[in-house]
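A single chain comes next, written as structure tokens; it is the form predicted alone.
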Amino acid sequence: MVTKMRKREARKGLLISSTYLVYAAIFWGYPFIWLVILAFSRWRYVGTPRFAGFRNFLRILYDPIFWKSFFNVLNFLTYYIPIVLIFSLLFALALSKLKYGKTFVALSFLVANVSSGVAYSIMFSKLFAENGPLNQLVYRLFNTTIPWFTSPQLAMFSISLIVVWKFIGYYGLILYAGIISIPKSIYEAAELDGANKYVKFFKITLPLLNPSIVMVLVFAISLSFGIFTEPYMITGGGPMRSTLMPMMVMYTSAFQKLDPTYAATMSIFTAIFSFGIIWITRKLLEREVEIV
């Protein structure tokens, strides 16, 4: 009798989840299988893919353009991760202190996250242009201009600032959810022991925010390896390929050079490496947090 009930419940569960399973099979399973097939093939959109073994993977090892884009991602991470984490945390802390208008402030910051990447990329390219409003202000104050997008040393930093602007609200809300989940009784007990606001922040808030911070880091690392719109629209990968990203190299290979098999191989390599960095990050930073 119990076995029949379990089988009935299992069938109900399968029926309920069948829509998602079909969706995942069509839009995730099939493309992934096709991606793996392409990585081991030679194909130019016409005819049948021919098996090429590890040819495409060997090409990556001797491709200076791909490796340049790959190290550009690491450069982007050094700017993006600390800046977006600090400002998202400040936003979350400020939001938690507000007594009125929290919804309005949160939605105001989220507008950036849902804005068109092409639209705001054009806006920032005009704003940071050599004769744009920002440089005009800098010139009036310091009698000089800043080559935001024309300097190989500054271009990636400028791109990272734009991406930070887009995701402060989204990451900030994740951290805000973590902050409001911390029981007030913990802070009250700390106050009774004489803890000031700095001690409470570093000894209570930050440690208990560990799961939220790790989640933000995982999202930020994943985003960094998939960034495309901002550098493509603003700098086109320049100057001197200093903002060339792997997604741009894949796009060029697949749609300009008509070599989707090499693009598929680069995407697999990039995904494996990004997963590896995420795994290392979680191993180093993730802690078990228990809130009683």
Partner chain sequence: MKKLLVFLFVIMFVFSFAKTKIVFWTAPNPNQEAYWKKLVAEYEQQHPDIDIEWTTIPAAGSSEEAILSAIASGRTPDICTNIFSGFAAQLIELDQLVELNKLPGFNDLIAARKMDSIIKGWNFMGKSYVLPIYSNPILMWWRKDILEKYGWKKPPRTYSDVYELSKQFVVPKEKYTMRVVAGRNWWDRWFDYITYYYAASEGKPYIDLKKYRAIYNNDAGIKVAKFFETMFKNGWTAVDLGNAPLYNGVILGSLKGPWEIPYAEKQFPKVLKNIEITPPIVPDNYPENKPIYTFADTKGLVIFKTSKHQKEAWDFVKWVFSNPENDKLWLEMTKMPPARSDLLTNDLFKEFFKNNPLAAQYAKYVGYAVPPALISKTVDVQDEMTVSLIEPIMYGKADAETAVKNSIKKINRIIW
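This one's a predicted model, so the numbers in the text were calculated from it and none came from an experiment. Positions refer to the first chain, counted from 1.
This next part talks about the form predicted in complex with its partner chain, which is not shown.
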| property | result |
| --- | --- |
| Interface residue in the model of the complex among Gly238, Gly226, Pro49, Gly29, criterion: non-hydrogen atom within 4.5 angstroms of its partner chain | Gly238 |
| Heavy atom within 4.5 Å of its partner chain in the model of the complex - residue from Asn131, Ser116, Asn196, Thr103 | Asn131 |
| Region of this chain that lies against its partner chain in the model of the complex, out of 160 to 168, 123 to 131, 84 to 92, 180 to 188 [heavy atom, 4.5 Å] | 123 to 131 |
| Residue contact check: Arg55 to its partner chain in the model of the complex, 4.5 Å heavy atom | no |
| Tyr251 within 4.5 Å of its partner chain in the model of the complex, heavy atoms | yes |
| Its partner chain contact at Trp43 in the model of the complex, heavy atom, 4.5 Å | yes |
| Distance check, Tyr139 to its partner chain in the model of the complex, heavy atom within 4.5 Å | yes |
